[in-house]
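First come two forms of one protein chain, each written alone as structure tokens, so that there is a structure 1 and a structure 2.
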Structure 1
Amino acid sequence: MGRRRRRQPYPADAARALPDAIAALSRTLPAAPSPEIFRRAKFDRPEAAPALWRLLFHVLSPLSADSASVSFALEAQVRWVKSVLHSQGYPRRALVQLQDDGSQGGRELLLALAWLLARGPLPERLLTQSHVRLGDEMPVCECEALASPGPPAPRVEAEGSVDIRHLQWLMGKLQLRWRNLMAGQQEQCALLGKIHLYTRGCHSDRSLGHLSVTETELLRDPEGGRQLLQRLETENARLEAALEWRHRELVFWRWMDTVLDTCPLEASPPTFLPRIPEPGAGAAGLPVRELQALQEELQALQEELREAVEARRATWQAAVGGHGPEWRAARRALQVAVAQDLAALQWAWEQGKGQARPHGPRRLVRTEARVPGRPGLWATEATEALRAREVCLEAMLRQLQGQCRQELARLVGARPGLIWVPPPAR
């Protein structure tokens, strides 16, 4: 018997699948815009812009969805979204040229959201960030926070003169905020220790032995259990919506192609390509023609990228050929920085003796004695991992300080008659 050909969806089925896909995506994202907002954004309707600005602010904000927009007006959110997208290497300049009042740019914001979705598993990252924590957790590593968000933004010269006193005031304000943050962290650790000590032996699980802050709060205020139950139900609904979004994702990317066709062309317009699922996760059901079309498109893009890289390499070689000593000095500085990073990494590897570093958040459990063979990460191991990370960060700090000194020396040399008095060493 021959293989049965998969029935192609009728236009009516495709029209129904698109709102379902957008609705599933909306339920996984904070602020939950309706599918009608997406439809109006495709036609660049002004009423869709404020909702999408708020959505991008929630998506890009490191704060939780509940407290992200408490003290920020719409104009501040717009400026912050522009700054973060620019720092992450967003290619379209039309977004930066939008007004700060948040009254326009629905289509551009839709493209920016699609660009964030195409870079990685955005719904999964948001779900991990906002999941309900029943225990007292401690992040052992900072892989997500320290990961490079993309290519560095080009340096932009400041318009007009910069008052050094204003920069000193900002630096002092930053140091004050940092000290307040450290004091708050120390006070939180002290309170956690008291709760774990006072509730020792109250937990039904012998491996834990004590209650967490959330469990203690439930004993103190039983009505808070309803709110916790509602939060858990909301999280389960978002997880179900994320699974549904993965099944309907391809429909959304086909629709985004039509949105991209309606946008004016720029020097390098972004191309949104969906990730092809792995075998066993639904890829066997995709038509062979669609996979072949995707393969041909990827090969064409790879060829265009190769030609662009060769052209830029030739331009760069022609440009740096006439610099002479300046280019060689920059190359030596780069070699020194790389050598420092390699030395810090080698030291961290030798301290760990080739073992894998602890990863992910861990639940804090207070124990009196170390039980052999018990799973978990002990405080000494976490301290060693943090000290290794501290060495790497100190090497990066010295590198950045050297670059700042070189930049200051360059600026002083460009201003004859300017006296440079370095700050006293502490």
Structure 2
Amino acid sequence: MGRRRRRQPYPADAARALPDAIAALSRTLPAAPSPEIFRRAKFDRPEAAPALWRLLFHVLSPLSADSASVSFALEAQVRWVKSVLHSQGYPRRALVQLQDDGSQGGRELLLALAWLLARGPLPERLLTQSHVRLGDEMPVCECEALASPGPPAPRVEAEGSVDIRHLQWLMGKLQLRWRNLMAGQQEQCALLGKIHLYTRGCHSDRSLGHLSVTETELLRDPEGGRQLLQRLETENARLEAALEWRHRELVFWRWMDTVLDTCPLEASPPTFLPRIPEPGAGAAGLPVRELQALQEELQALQEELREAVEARRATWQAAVGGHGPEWRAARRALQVAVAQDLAALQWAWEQGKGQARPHGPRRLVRTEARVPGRPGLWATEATEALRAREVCLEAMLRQLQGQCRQELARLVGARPGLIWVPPPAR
């Protein structure tokens, strides 16, 4: 009986597979650290933590790798990463308990990164965000802006009372900035229109017809061309790295299992199984937990409504008393009116639902003739969709203003000794 010798894969290959996989991952993510950092993080070495905090910050940040995010101190980045992960439903509490100075927690951060990778196609999403665009682009919907977490806000200490004049000052400043922004956008549109007009016939692609700003700069300034080439080459390298990562990622996941094993057990078992959100589960990809909470809330509200309706109906029937013919006629008329209202509401909702709302940024192309069957969106359609949205938002605004007015009226009633002086109407 000889000793059984099991065939193992050639050790050197196996040893290289993991670093290669991590290196591929590194090359595709923005600001990713070296494979060595990942290894040290598994053993919770302190030098690994800051690099991984920064990686998570860049991965979660809506701005892809630009100078603005560099200016945030490590502590601000740490706090922001914690809050964004929490709002996305990250289950491990050990992360939140890590110190704000970013000096520890390499292992926890690895787990967080793995969680993000498992939830969805993270490298591909990041690549789409930072994709080099040659055309002049304009968004036609707000989905991306609504779905992404906001940039880190400066920490404001709430100290004692605030002078309301200061708040009014800040509000006014915000409104003026909005107006200046609009003026700036109008200027941009006017100038884009001019460039598109002047470069008619210059583009090799007949369906586009004219140049974009980037393309015009390419012709004007060779240095700009070189920089564009560099950016395209960088993007290409990242795409290749992403493909390589997809080939090799199994090795990484096996290794992550060992990382998880080295962690002390949490008091409540964490749900580490990656949950990929259903498509259509809300614009922001709400985690399942939040959806369940919403569902429960809706059910509770429905119950409340039913009880309120029953109570009202009972008191009304008691008040009305007799069942004369005029009463029956009035009742029938009411039923007809209510049915009509409900039908109108239903119809309005169906209308809104049926329309495919345009999404995503689009390249601006200025054309004369309306060629049928051409792919793409006409400006008129986009404007109509936006106007419909504007009407909805204005209705919401009026409703909220009405609520504010009611609240004010209630407050006025509560303080009889106060004289309210409203601002002068025009």
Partner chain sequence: MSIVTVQLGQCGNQIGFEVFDALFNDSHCPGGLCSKRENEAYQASCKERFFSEEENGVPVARAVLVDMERKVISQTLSKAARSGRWKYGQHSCFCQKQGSGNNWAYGYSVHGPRHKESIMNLIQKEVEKCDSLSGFFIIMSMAGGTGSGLGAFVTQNLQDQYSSALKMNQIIWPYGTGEVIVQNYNSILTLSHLYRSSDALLVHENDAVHKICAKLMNIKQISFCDINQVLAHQLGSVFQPTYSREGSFHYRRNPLGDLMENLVPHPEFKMLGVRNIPQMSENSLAYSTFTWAGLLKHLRQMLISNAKMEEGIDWQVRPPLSGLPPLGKMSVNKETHFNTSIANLVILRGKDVHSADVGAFKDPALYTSWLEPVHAFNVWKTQRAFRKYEKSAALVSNSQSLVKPLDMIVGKAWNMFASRAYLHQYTKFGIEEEDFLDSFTLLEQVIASYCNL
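Along the sequence of structure 1, residues get numbers from 1 upward. Fair warning: this is a prediction, and the values are worked out from it, not measured in the lab. For clarity, a rigid core is taken as the largest C-alpha set superposing within 1.5 Å between two forms.
- By the stated condition, namely the form predicted alone, the first structure is the one that fits.
- After superposing the rigid core, the Cα of L192 is displaced by 2 Å or more between structure 1 and structure 2.
- Core-superposed comparison between structure 1 and structure 2: the Cα of E47 travels less than 2 Å.
- After superposition on the rigid core, the Cα of A395 moves by 2 Å or more between structure 1 and structure 2.
- On a core-based overlay, E296 has a Cα shift of 32.4 Å between structure 1 and structure 2.
- Its Cα shifted by 5.6 Å between structure 1 and structure 2, W178 is reported here after superposition on the rigid core.
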